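Starting off, we have a lone chain in the form predicted alone, written out as C-alpha cells.
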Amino acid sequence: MKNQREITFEILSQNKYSNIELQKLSHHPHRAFITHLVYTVYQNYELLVFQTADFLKKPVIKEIEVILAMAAAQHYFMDSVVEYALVNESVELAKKVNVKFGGLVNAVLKKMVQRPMQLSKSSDELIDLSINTSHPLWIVKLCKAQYGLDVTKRLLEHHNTEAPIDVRINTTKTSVEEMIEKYPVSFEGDYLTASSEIFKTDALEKGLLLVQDRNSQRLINDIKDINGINILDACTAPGTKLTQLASRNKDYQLVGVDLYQHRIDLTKRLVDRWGLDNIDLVVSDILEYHRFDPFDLILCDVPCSGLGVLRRKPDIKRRIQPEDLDELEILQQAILVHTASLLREGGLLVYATCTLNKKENEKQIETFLMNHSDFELIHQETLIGVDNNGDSFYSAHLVKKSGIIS
C-alpha cells in the first residue's frame, strides 16, 4: 500500500485533478496530510522550486523537481514535519524514481533545511513576481499586458490568500435566519459565508445550502428580468448556476446540457437535493444539441482557462499552458455561435467565463457581434475577485433583435 507521500507524489508529478483524486481518498487515514501537501505544492510551486534551485548544477527531471518541492513545502509551510523524516522520506521517493537520485536529493535537502525561505530579488520585476507569488511567467505577462502592473500584483497576491466558504441558502427549504441560528453560517459584509465546520453538518446533504462563490452568485443575480420561461444552461455541470436560475421562479422550465454522463449525474444529485422539479438534464455535446422550440434565455458558461479561480483551484496553474488558449477560444466561439441559433427573437444570451483573459472575454464578444448583426450587447462586466474577496468572472448580456437576419 502506498504511503501518504507516495500518493501525493503521484498526484503532483502527473498533474492530476486534485479535487477528483482527493475525493477518492475520503476514507484514507492520512487524507488531511495529503490534501494539505497537495494544495500547498500546487499553490506555491515556483517559490518551492526556487528554494533548492541554487543547490543544483543543472535542471533535474520533473519527478525529482516535484520531490524537492514537496520537501520544501513540508519544511516551510508544515511545521509538524520533522526535518530528518522529511529528508529520509524524500530520498526514498527519489530512489523509487531512479536509485541514482537518492544522493542528490539527500545533499540538496540537507542544505535547504539549514536556511530560511528565500525570495527572488533579481533585476526583472516580472520574474520576481512569478517566483514569489508562484505563478507561471506567461500568466504574469498576460495579466500585466491586459490589466497593468498594479492590478496584476494585487491579483497574484489575492490568489495566494485563503478563500472564504461562500454559501447560497435554499430558501424553499429554510431561511437565512434559521441557517444562521442552527449552523455555522454568518454574514461577511453583504455575503453569506460558513466556517469549515459546515462540512461536518447535514446542511449540504439535505440541500439546505451549497457552496458557491459570491461573484458566481452575482453573475446570475445580474440577470434581472427574464422575459419568458424557457431557459437553457448550455454547459451546466455541476449545476450551481442552473439551480440558482431554477429557484428564482418555479414557472421557469430549464434544460441543462453537458457532455458527459458522470457530469450530468453530478448535476442531478444537486438538483434532487435542492428539491427542484422544473429541470430536464441532457447528455449531449452542446454543439450537437438542437431543439425545435427556441429558448427565452440561454446561459453560455463556456469552458475557459480558469484564470479567475486560481485561488480555489491552484492546480490550474500547473495544467493550463499558453498553447491551450487558442483551442479554447475556438471552442468558445463555436459554442457562442451555436447557442445563439437556439434563442428566440427578443431573447437574452448570457456569455460567461471564470477567466480574466480578455481574448476569451471581450474579444470573443467583439468577434461574435462583427458576424451577427442581429445581436446587441446590452451589458458586460468583469468581476475582479480581489475587489470583494471573491473569484473573478466575466459576463456579457446579448439580446437577439427582432426582424434582422445575420
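Bear in mind the structure is a predicted one, so any value in this text is a computation, not a measurement. One rule holds for the numbers: they count along the sequence shown, beginning at 1.
The same protein also has a form predicted in complex with a small molecule, omitted here; what follows describes it.
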Discussion item. Among the candidate stretches 96 to 104, 67 to 75, 184 to 192, 230 to 238, which one is within 4.5 Å of the small molecule in the model of the complex when only heavy atoms are counted?
Written reply: 230 to 238
Fill in: Heavy atom within 4.5 Å of the small molecule in the model of the complex - residue from Glu125, Glu178, Glu157, Asp285
Asp285
Item to complete: Would you mind picking the one in Leu331, Val211, Val151, Leu137 that has a heavy atom within 4.5 Å of the small molecule in the model of the complex?
Response: Leu331
Worksheet entry | Contact test in the model of the complex: Leu245 vs the small molecule, heavy atoms, 4.5 Å | no
Discussion item. Ile165 versus the small molecule, in the model of the complex: is there a non-hydrogen atom within 4.5 Å?
Written reply: no
Practice prompt. Classify Leu259 as contacting or not contacting the small molecule in the model of the complex by the rule of any non-hydrogen atom within 4.5 angstroms, answering yes or no.
Written response: yes
Discussion item. I'd like to know whether Val302 contacts the small molecule in the model of the complex, with contact meaning heavy atoms within 4.5 angstroms.
Written reply: yes
